[in-house]
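As a starting point, one isolated chain is supplied in structure tokens, in the form predicted on its own.
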Amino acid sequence: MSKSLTRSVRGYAALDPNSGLAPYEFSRRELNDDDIGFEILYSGICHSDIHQVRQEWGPALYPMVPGHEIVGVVTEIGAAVRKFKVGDRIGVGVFIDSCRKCRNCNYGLEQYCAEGMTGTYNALERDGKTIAFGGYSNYFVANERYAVTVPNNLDLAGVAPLLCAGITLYSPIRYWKVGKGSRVAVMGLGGLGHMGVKFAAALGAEVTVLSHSPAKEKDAIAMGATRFIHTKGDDWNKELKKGFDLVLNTISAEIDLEPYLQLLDTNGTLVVIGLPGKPYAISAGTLLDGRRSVAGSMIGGMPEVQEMLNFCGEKDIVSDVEVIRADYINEAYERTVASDVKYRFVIDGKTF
């Protein structure tokens, strides 16, 4: 099959920053020869969806159909597609295109494309005209390069958040070579943080969760953490200083990094993963004391996303989710902002 008629799609969209999301019908493009079309079975709700819908990260494109944690089953393929076949379980994440020719793209680091990756939504496609609509819908079309295969043993609802929350933690954990004997601290046990705990523990690391929510201790231990620290008071870090090789900061709130930087041993690194509203103030003296580093990491390229899913298949790792109907999206947004979810909302695609 080389072409498909333009398909009418049901989804949810924001028409402006203030009115919430509502049912919305639109059309997906015809399949190109290297495209796949698939029925969306589950779509995760990421906190970045909320930021973009509410235009908290700068000017946005409306109408906006959010969603970049998308899983489903292939229903059609273009004539040149070799990676997938009809019936395959499939996933699409944070981006749907890149320049495909720069050094980063050639190295499989499409998330750092020199010309900029094309976001799955709230972005213009490479033609510079067409608004990309995301996964809060019942059907999707994507180039086969930007989709991945989902192992058959994994629950699809739990897989959806792996396409963003999962790879966002897997990528730095792999880059900084976490393994047996590594001492890893995870700041925050939310949609991002809980995946960091699961991955680091599965790789044999000693994992400590740093959280302001003591009620999450039992969950943290069940996910593989060996220690839980309640970050309340001025001296919570006193016994932990210089005790970690890697600190993963999944917190999006504006916080003081100083007590966390003090946790790093010689040559240790604090990786910024969450996106706060303002720049951090960092003490040069704390960095100099032990050749400490502060770094950043953003999702992963297509080879690494597939590697992560294969690893999840081997270790039986998925995200902890609460599956909702599409008509519950606005309530789910409010609960996400209030940190009232364990640990990711996922929309049932059949309810659009």
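The shown structure was predicted, so the numbers you read here are calculated from the model rather than taken from an experiment. Throughout, we count residues from 1 along the sequence that is shown.
Not on display, but discussed next: the form predicted together with a small molecule.
Enquirer: In the model of the complex, do 154, 198 and 346 all reach within 4.5 Å of the small molecule through at least one heavy atom apiece?
Expert: Not a single residue of the candidate spot has a heavy atom within 4.5 Å of the small molecule in the model of the complex.
Enquirer: For the chain seen here without its partner, which of 232 to 240, 143 to 151, 200 to 208, 273 to 281 has a heavy atom within 4.5 Å of the small molecule in the model of the complex?
Expert: Stretch 273 to 281 is the one.
Enquirer: Of 48, 306, 32, 55, which residue is found within 4.5 angstroms of the small molecule in the model of the complex when only non-hydrogen atoms are counted?
Expert: Exactly one residue meets the criterion: 48.
Enquirer: What is the one choice in 263, 251, 90, 77 with a heavy atom within 4.5 Å of the small molecule in the model of the complex?
Expert: Result of the distance check: 251.
Enquirer: So in the model of the complex, is the small molecule close enough to residue 190 to count as touching (4.5 Å, heavy atoms)?
Expert: Output for residue 190 is yes: heavy atoms within 4.5 Å of the small molecule.
Enquirer: Examine residue 297 and determine whether its closest non-hydrogen atom to the small molecule in the model of the complex is within 4.5 angstroms.
Expert: Heavy-atom contact with the small molecule at 4.5 Å: present for residue 297.
Enquirer: Is it the case that residue 212, even though its partner is missing from this view, gets within 4.5 Å of the small molecule in the model of the complex, heavy atoms only?
Expert: So residue 212 counts as contacting the small molecule.
Enquirer: How about residue 255 - does it come within 4.5 Å of the small molecule in the model of the complex, if we only consider non-hydrogen atoms?
Expert: So residue 255 counts as contacting the small molecule.
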